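Starting off, we have a lone chain in the form predicted alone, written out as structure tokens.
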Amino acid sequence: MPARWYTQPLSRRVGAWIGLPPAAFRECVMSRINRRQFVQTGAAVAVAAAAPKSVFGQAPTVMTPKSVKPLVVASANGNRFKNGGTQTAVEKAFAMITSGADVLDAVIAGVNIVELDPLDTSVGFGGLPNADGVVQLDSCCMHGPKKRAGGVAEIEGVKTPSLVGKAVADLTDHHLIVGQGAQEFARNLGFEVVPDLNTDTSRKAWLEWKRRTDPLHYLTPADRALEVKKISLAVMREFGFDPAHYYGTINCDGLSPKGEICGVTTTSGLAWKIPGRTGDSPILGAGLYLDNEVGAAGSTGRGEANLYNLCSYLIVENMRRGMHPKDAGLDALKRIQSNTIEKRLLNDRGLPNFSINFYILNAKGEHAGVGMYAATYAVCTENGAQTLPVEPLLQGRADQ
């Protein structure tokens, strides 16, 4: 070979050797390389697709469809009280949601009707007071899309604690403000603070309860708890109060056509409670919990049973795993039943002697009301507002 042969580019030398022009040889080589890279890349993608999810980590369940039918669910008093107006809580919330309002604004506007209605003795103005005759209110709220939450407990003098809870979520870095601090927080924001949230009816009922129970304050705790509850329910019946209002509360949760979920729970708490007692209503995971991709759950009834088991959180996590709202709620009730072992909390059948209900919706627009015993709950859809029976875990009544 001539010496200049070795100084030529490789493509020219090999191309000449096999009879191809240099340009044609380069195109042939690059074409083969590109096909080889394509085959290798495709194989890698196929292997990755076939690999178990545990290799990469499992993403949370996403249940939110692109579009759903709007829905509001609530405790039964959400479709009963109107505070002199024309709409119940669920009707108001549904109307606002379907008009494009923020879902949390809508459900809070709904429960404001009940908070302000003196005829409901379990919520807001006219709620049954604590053992000292003072109405102390609790509330919390959650905004699914914004991932915000806020609440107040033991707040006095403010008729709409749900709005104060929303202010905690919107204006602070906190989730819960209690007692005098909650009242001062509300006052500083311009909320009206009144000296007394009792009505004539709630005050008279408290005076009668006080007269009957005062001699019992030095019995053993177990005996006292039993006797005070009997007297409390007797006084409530004499004054025409719903016995369910011994525990009180309203929960309301909404779902917008865009799949936005928000909820609120508000209460005056256990009738004639120890001053400072806080139940489940203002506690995230108990009185209320939601995840915008999964659903929402809220509660009424014996708050201590719910607090011990954090049932609203449990219900949402059950739905995350694919359970229907009804099944998710019944599972939480079974846990409460299995954890209720103190004799004072059991009836003659050895079953829980208290009521507790859950109001549940998921991101697909399915809903359910479940209870330890028979009860009702409120729903509002495009077909209007309804009061429906809950799915009871146990037959009979709590006091049987």
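This one's a predicted model, so the numbers in the text were calculated from it and none came from an experiment. From 1 onward, residues are counted along the sequence shown.
The form predicted in complex with ligand ASP exists for this protein as well; it is not shown, and the discussion that follows is about that form.
J.: Out of the stretches listed (295 to 303, 188 to 196, 321 to 329, 101 to 109), which one is close to ligand ASP in the model of the complex, meaning heavy atoms within 4.5 Å?
T.: Result of the contact check: 295 to 303.
J.: Residue-level contact is defined here as any heavy atom of the residue lying within 4.5 Å of ligand ASP in the model of the complex; does Asp253 satisfy this criterion?
T.: Judged by the heavy-atom cut-off of 4.5 Å, Asp253 is well away from ligand ASP in the model of the complex.
J.: Counting only non-hydrogen atoms and a 4.5 angstroms cut-off, does Ser139 reach ligand ASP in the model of the complex?
T.: No, Ser139 sits far enough from ligand ASP in the model of the complex that none of its heavy atoms falls within 4.5 Å.
J.: How about Thr267: is it within 4.5 Å of ligand ASP in the model of the complex, going by heavy atoms?
T.: Output for Thr267 is yes: heavy atoms within 4.5 Å of ligand ASP.
J.: Please check if Gly248 has a heavy atom lying within 4.5 Å of any heavy atom of ligand ASP in the model of the complex.
T.: Yes.
J.: What is the one choice in Lys229, Arg203, Arg277, Arg80 with a heavy atom within 4.5 Å of ligand ASP in the model of the complex?
T.: Result of the distance check: Arg277.
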